[in-house]
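First, one chain by itself: the form predicted on its own, in structure tokens.
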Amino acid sequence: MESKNLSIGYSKDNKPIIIQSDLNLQLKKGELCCLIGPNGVGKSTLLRTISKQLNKQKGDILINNLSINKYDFQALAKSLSIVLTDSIQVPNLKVRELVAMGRFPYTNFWGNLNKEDKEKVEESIQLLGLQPLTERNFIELSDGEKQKALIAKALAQDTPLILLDEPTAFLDFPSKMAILAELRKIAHNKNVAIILSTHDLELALKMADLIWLFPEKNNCKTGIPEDLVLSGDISKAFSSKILSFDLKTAHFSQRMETRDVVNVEGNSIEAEWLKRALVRKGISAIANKTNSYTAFYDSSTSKFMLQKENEIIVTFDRINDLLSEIENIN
């Protein structure tokens, strides 16, 4: 899939409203692409434009080197599938029946499923772990379960291009990781191109083969996650007066004024979490020669310790207790 000098947007009062312009994007089969950026920069609009649910304002979109203008409904349904964030209420439709609807481009007028169709449906159900839910009514599912069912329907459609708008929006963190890992595996193993929009930047940096970054209007950046991080594009797009981006850990943290009270020694897991707790409380955990207090974790006793001028003054089992002691130091 590729776009050439593409402008996207919508019409209001018969006037075009351009959200992004001059988009020259390219995605190969076998790649998972994460579309990221702040709200209102056109992520959903791009997905709807690629799928012909919105008219492109300018330029062209090619799928398999053919303009989407050349695709009729049936041909497009065999070339791409899409899951949007729109709420779907389908009474009296079981999960298995919903997933089976993904086979509509291939079935006859009556929607009868042949052996291959049924195998595709079962495969999609298994990939998303929906076996316990197949006989449940779709409308009875939780938001996260509904999202999984809709993704399974898109997979059952068996298209070379899959578009997903915020597919992990209602999932807990382990489920988000599992879904993205499965989508990445599907892209690689089945040679499918997948584009998904997400606000979960840290997951995107971990899992994406390619990122399309919309930091603002008319300023699209593309590349692998590592290049966009090192170029500063990720930090520029999401950092603010409140948040800062850590290049080493790829995490965002809250900007706050800190006071130098105590040094933290050691590189153990316990020491690292102690540092995190101190920073969260607005206390610097960076070594400073002017500080007379030092905190550390003693693995031989499994204790957190605070010392002053090389003399241990208190020991605690928990970080919380040590924090309370440190906060009382002026």
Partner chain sequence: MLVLVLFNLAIGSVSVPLSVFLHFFDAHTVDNETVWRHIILESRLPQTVTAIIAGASLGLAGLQMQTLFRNPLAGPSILGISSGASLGVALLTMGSGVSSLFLSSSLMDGIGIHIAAFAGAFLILFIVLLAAKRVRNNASLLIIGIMVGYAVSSIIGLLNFVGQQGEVHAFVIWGLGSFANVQNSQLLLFAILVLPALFLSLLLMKPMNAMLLGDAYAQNLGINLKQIRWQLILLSGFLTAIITAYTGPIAFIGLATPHLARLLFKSSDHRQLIPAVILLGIVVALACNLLARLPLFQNVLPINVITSLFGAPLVIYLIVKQKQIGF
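Residue numbers count along the first chain shown, from 1. Remember, it's a predicted structure, so these values are computed and weren't measured experimentally.
This next part talks about the form predicted in complex with the partner chain, which is not shown.
task = Would you mind picking the one in L93, L203, L141, A169 that has a heavy atom within 4.5 Å of the partner chain in the predicted bound form?
result = By the 4.5 Å criterion, the partner-contacting residue is L93.
query = Among the candidate residues N267, T301, Q53, S67, which is the single one with a non-hydrogen atom no more than 4.5 Å from the partner chain in the predicted bound form?
reply = Comparing distances to the partner chain in the predicted bound form, the residue within 4.5 Å is Q53.
key: Contact test, all of N263, K281 and F316, partner the partner chain in the predicted bound form, heavy atom 4.5 Å   = Heavy-atom distance to the partner chain in the predicted bound form: none of the three under 4.5 Å.
message = Considering non-hydrogen atoms and a 4.5 Å limit, does the partner chain approach L80 in the predicted bound form?
response = Yes, contact at 4.5 Å.
message = I'd like to know if L243 sits close to the partner chain in the predicted bound form, meaning any non-hydrogen atom pair within 4.5 angstroms.
response = Although the partner chain is absent here, L243 would stay clear of it in the predicted bound form, with no heavy atoms inside 4.5 Å.
inquiry  = Against the partner chain in the predicted bound form, would K120 count as a contact residue? Criterion: heavy atoms within 4.5 Å.
reply    = Answer no; every heavy atom of K120 is more than 4.5 Å from the partner chain in the predicted bound form.
inquiry  = Considering non-hydrogen atoms and a 4.5 Å limit, does the partner chain approach L150 in the predicted bound form?
reply    = L150 belongs to the contact set for the partner chain.
message = Given the stretches 220-228, 121-129, 152-160, 177-185, which is the single one in contact with the partner chain in the predicted bound form, using a heavy atom cutoff of 4.5 Å?
response = Going by heavy atoms within 4.5 Å, the stretch is 152-160.
request  = Scan 59-75 and note down the residues that get a heavy atom within 4.5 Å of the partner chain in the predicted bound form; none is a fine answer too.
outcome  = Those in contact are F73, Q74.
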